[in-house]
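Take a look at this one chain, the form predicted on its own, written out in structure tokens.
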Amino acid sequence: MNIGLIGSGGREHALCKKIHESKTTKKIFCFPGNAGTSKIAENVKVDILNFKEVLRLIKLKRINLVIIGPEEPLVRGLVDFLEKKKIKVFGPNKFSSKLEGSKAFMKQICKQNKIPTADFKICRNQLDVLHFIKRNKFPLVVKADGLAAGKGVTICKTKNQVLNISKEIFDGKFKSSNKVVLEEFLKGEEASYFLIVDKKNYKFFGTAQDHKRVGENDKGPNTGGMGAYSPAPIINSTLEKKIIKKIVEPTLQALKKKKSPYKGFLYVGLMIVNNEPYLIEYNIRMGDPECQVILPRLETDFLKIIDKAVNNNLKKLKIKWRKQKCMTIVLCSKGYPGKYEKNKLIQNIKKIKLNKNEFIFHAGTKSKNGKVYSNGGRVLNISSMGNNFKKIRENIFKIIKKISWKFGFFRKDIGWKVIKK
């Protein structure tokens, strides 16, 4: 099969590698891909939000199956567009994608179906905001309703902070949002639970814990993710049953009732409070960097899984996982998530020798004249597998030292929850 993979980040490089390993893959085309994907696929330069051009290239390259990595083309309806043109595609349709594309939509699904989540208010103006502040204690969580590239959530400790952040969103800081979702702050431990879903069934697809804040000890602003590890030890079998019964199944049933059954990856963002799961967010795709710690642990042929999902045949499939643990640390451009410079040479990357349990997934990179340059805030994801998280992390540090990229920085405490000092 010829496979089309939409996206250009670390998640897409991890997906590309798994597709490349599959027995049924003939050729992979990455739209637009990065310096890492170019080694195992053909990168195709295109604006992934220009659906007509994407379709033209799919036909030109004789692609049999399209897999969509990032959220924006899903939220904008790329699946619906391609399905109408009889293209086989993996991912949720535009309506189902509102689970991530609109925090307000997701919260209303929770309210209508008694799904445990933080108390909230959907605010359309500052008066709504003031009403919510009056009846709640600080800190409070302010969220932009629409997509915000992982930067639309702020935990606020004062009334002024809530009002200022809300005003920025109402004034159009994020093009996708003219509404604000205010939430009570839940104190607990975050975890991510993943599923692969077809129109009739779903299968477990790993657990992970991400580190969102830019600084060590979880300080500083939110980012797209500074590192992750899998599996997440906090999710035991008792908790998993609660996640499925109280959160996952009611959501999938609600979408079926709305005549829009879910199909694709489903990322369940959770806060665990006293061994009870609360839904914080849904993502309608694999997480980034969670994908980079889940996929290396996957034993079953990835394309076989996708094919079963596209044909609504997941029920018959048994997905096998390696027992090893996996961690990734994100090497970022200095200044991220604020201002940073691009086009910085990553000199040593080609000299590094990796074993079968080590991976460098490219994220914000590009190739130019046979050399690799930075092209984004999160540049490389260094992943490693093993039996002990502390040793895995030490091994990643050694690889980062060999890369020796003076324009980058990384968090040295990824996995602190599972690595006891």
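In this text, residue numbers run from 1 along the sequence as written. As the structure is a prediction and not an experimental result, all values here were calculated from the model.
The following text describes the form predicted in complex with a small molecule, which does not appear among the structures shown.
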(message) I need to confirm a contact call. Of Leu314, Met271, Ile169, Ile346, which residue comes within 4.5 Å of the small molecule in the predicted bound form, counting heavy atoms only?
(response) Met271
(request) Tell me, out of Asp198, Asp307, Glu281, Glu72, which residue has a non-hydrogen atom within 4.5 angstroms of the small molecule in the predicted bound form. (result) Glu281
(message) Just to confirm the contact call: exactly one of 231-239, 183-191, 346-354, 254-262 touches the small molecule in the predicted bound form at a 4.5 Å heavy atom cutoff, so which is it?
(response) 183-191
(request) Find out whether any non-hydrogen atom of Leu298 is located within 4.5 angstroms of the small molecule in the predicted bound form, and reply yes or no. (result) no
(message) Please tell me whether any heavy atom belonging to Lys212 falls inside 4.5 Å of a heavy atom of the small molecule, as the geometry stands in the predicted bound form.
(response) yes
(message) Can you work out whether Ile155 and the small molecule are in contact in the predicted bound form, taking contact to mean some heavy atom pair no more than 4.5 Å apart?
(response) yes
(message) With a cut-off of 4.5 Å between heavy atoms, is Ala118 one of the residues that contacts the small molecule in the predicted bound form?
(response) yes
